[in-house]
Ligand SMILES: C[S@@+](CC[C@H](N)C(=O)[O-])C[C@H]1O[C@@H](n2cnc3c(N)ncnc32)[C@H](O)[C@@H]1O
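Just the one chain here, the form predicted on its own, laid out as structure tokens.
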Amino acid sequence: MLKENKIYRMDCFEFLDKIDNNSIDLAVIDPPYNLKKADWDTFNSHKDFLDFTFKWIDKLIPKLKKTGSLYIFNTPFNSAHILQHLIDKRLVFQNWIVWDKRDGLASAKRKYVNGQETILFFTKSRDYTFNFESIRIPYDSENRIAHAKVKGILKRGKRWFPNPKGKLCGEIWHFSSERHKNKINGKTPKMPHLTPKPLDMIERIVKASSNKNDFVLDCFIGIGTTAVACKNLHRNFIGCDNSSEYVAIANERLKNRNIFKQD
């Protein structure tokens, strides 16, 4: 078994072979999408991409504890294939989460504009961690909620008062992309990774589906967002990436807690 709280420069298959079975509480995976944005995201065919994807999934599943959870990012189209594979492997479907990226202008004119990514949430069994109180979000109508705090809202003959922590979190998530969060003089900068996920979004996943000192795995850790989230939230982590450049950036981020290097 590899040492925890460390990021390894390693191929995902070699890495997963070195992880003990039934040892992981939560896996947060942002794998290639086959969008051909870089060599690591390019496959000869959709079949080759799915073969690769199903291969790492099959290696990962035994690493999860019976109470473990799995989140996988991808495009909606790819996620439809991944979802069926996970069901075939007898994992338990929980949610199809839509990430509304709020990612600026787009120019599609022969179909609806792509402005989302999918996050599949599965569990190993029906016995799993879900800390719903930790991920409440603000209510939509501030005026209505302000009124309800005083007199409540009549529902089915009872007075309902808003929870001071906010409402329960739904399946549509509104997070701006990292490049839009790190604008310089109104311009989006070149990021150290092509597709970094927002830290606050990964922290929501870690809060919801793990507890302090739990063990979180990411076998496509990139520049280390999952590791930073775990360090911030007192979880143990282990991860890998086959890019020495990304691993170096990830380790620097761990020292500085999410300080991006700007070009």
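Keep in mind the model is a prediction, meaning the values are calculated, not measured. In this text, residue numbers run from 1 along the sequence as written.
Unshown form predicted together with this ligand; subsequent notes refer to it.
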Notebook entry, point to check: Using a 4.5 Å heavy atom cut-off, which stretch among 31 to 39, 230 to 238, 208 to 216, 64 to 72 contacts this ligand in the predicted bound form?
Noted result: 31 to 39
Notebook entry, point to check: Might Leu16 be said to contact this ligand in the predicted bound form, defining contact as any heavy atom within 4.5 Å?
Noted result: no
Next item on the list: Give a yes/no on whether Asp11 approaches this ligand to within 4.5 Å in the predicted bound form, heavy atoms considered.
Entry: yes
Note to self: With a cut-off of 4.5 Å between heavy atoms, is Lys101 one of the residues that contacts this ligand in the predicted bound form?
What the structure shows: no
Margin query: Whether Ser23 contacts this ligand in the predicted bound form should be assessed with a 4.5 Å heavy atom distance threshold; does it?
Written below: no
Check: What are the residues of 196 to 227, in order along the chain, with a heavy atom within 4.5 Å of this ligand in the predicted bound form?
Finding: Pro196, Lys197, Cys219, Phe220, Ile221, Gly222, Ile223, Gly224, Thr225
